[in-house]
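Quick setup: one chain, the form predicted alone, written in structure tokens, and binding and motion questions come after.
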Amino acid sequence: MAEQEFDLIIAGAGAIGVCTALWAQKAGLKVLLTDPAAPGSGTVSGSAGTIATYACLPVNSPSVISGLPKLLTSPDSPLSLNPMHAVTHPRWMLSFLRNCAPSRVDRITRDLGALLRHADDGLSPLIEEAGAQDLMVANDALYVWSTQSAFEAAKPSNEKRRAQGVDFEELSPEQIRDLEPNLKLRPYRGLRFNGARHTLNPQALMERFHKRFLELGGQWEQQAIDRCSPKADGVEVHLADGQTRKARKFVVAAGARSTRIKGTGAERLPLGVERGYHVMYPQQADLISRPIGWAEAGFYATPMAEGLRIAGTVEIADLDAPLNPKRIAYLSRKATEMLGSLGQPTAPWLGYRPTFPDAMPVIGPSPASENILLAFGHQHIGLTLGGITGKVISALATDAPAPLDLSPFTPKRF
């Protein structure tokens, strides 16, 4: 491709990048989307597929500190921490623990809740634009607790959800079994998140968005971006193959790899990664009718087009560390406890949730240049927040005011 001038170049074709590209192209901008991998094939592809507008509670919590020894040593823990990673990343770990303080958790919950209230406004127009309604299911979502102690401990957090406008009802064991009779797990209590949606195939959803982006005139290059050079009137982007592209604005939406693009200002931000896993049971999708999260076990079971997906857990380790077979074994074992014998799982998968120590994304201009926009760090809810983040970044790319308060998510907060 000969060198061209673009209104917007986007690095990253995951949920954030693809949604940003489609919003910007809809707004009439000349957009180039780039990624070394196929659109939607990264972390979003292996997600639980939930549009989790109820997920305003951060991973940070006071209970993490009190329960840390058990969380890190129990083979039944949904959390795994590589000790060497912790030793070599002390600032991130200490900052994460500081953000487990009750006052900080309350603030994070309010800020995430405010952003999540706009999630459907960002995502639903894209689903309609791309004709992707067939990939969506609106059948609510369940979250279940298997022990009284865990449910009682979660009550204050659930009330924080309600304070953020999350619509849910508490369910008895009998009500849960009426909704999902194939559960073998004996639930103590559950929550039903009314109006919650999920996608039957998150990668196919992103592919549908990408296809519509191209139909509207968007341009795509399956290339990595090595670095960028801010200029007075825009940004010069240097591709890994030595070519350059120019744009008025440049968006960094490369998820966990965002800080590896030099010259963006993102390199100085404390981005970590929560590695997540999934296994698939191709013949078992009909066992349940909606996503079911098991609170104590830290995962979701989601019925999808390709089968039943068991997705979740948190592993704090290096981005480039190999797949941990113990995490796969954990999910397989817990899936059996939840739903009985499922057969042999297929397609063990590892993905990389980009996470800041305060569990909130960065959305807004980079400290390095007003012409560089940062949009990453959405941890567990990138699919949910992709649409509204894209809508916001599209507005900023036209120098229009943001449609919501971005001050809690400014990259300058670090």
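No experiment lies behind these values; they were computed from the predicted model shown. Just count from 1 along the sequence shown to find any residue number.
Another form exists, predicted in complex with a small molecule; not displayed. Remarks below refer to it.
Residue contact with the small molecule in the model of the complex: Pro354 places a heavy atom within 4.5 Å of it. The closest heavy atom approach of Pro58 to the small molecule in the model of the complex falls outside 4.5 Å. Using a 4.5 Å cutoff between non-hydrogen atoms, Arg327 does not count as a contact of the small molecule in the model of the complex. Using a 4.5 angstroms threshold between heavy atoms, Gly255 counts as touching the small molecule in the model of the complex. Only one of 319-327, 305-313, 167-175, 134-142 lies within 4.5 Å of the small molecule in the model of the complex by heavy atoms, and it is 305-313. Between the options Ala359, Val44, Val362, Val31, the residue in contact with the small molecule in the model of the complex by a heavy atom within 4.5 angstroms is Val44. Judged against the small molecule in the model of the complex with a 4.5 angstroms heavy atom cut-off, the residues Leu8, Ser229 and Gly265 are out of contact without exception.
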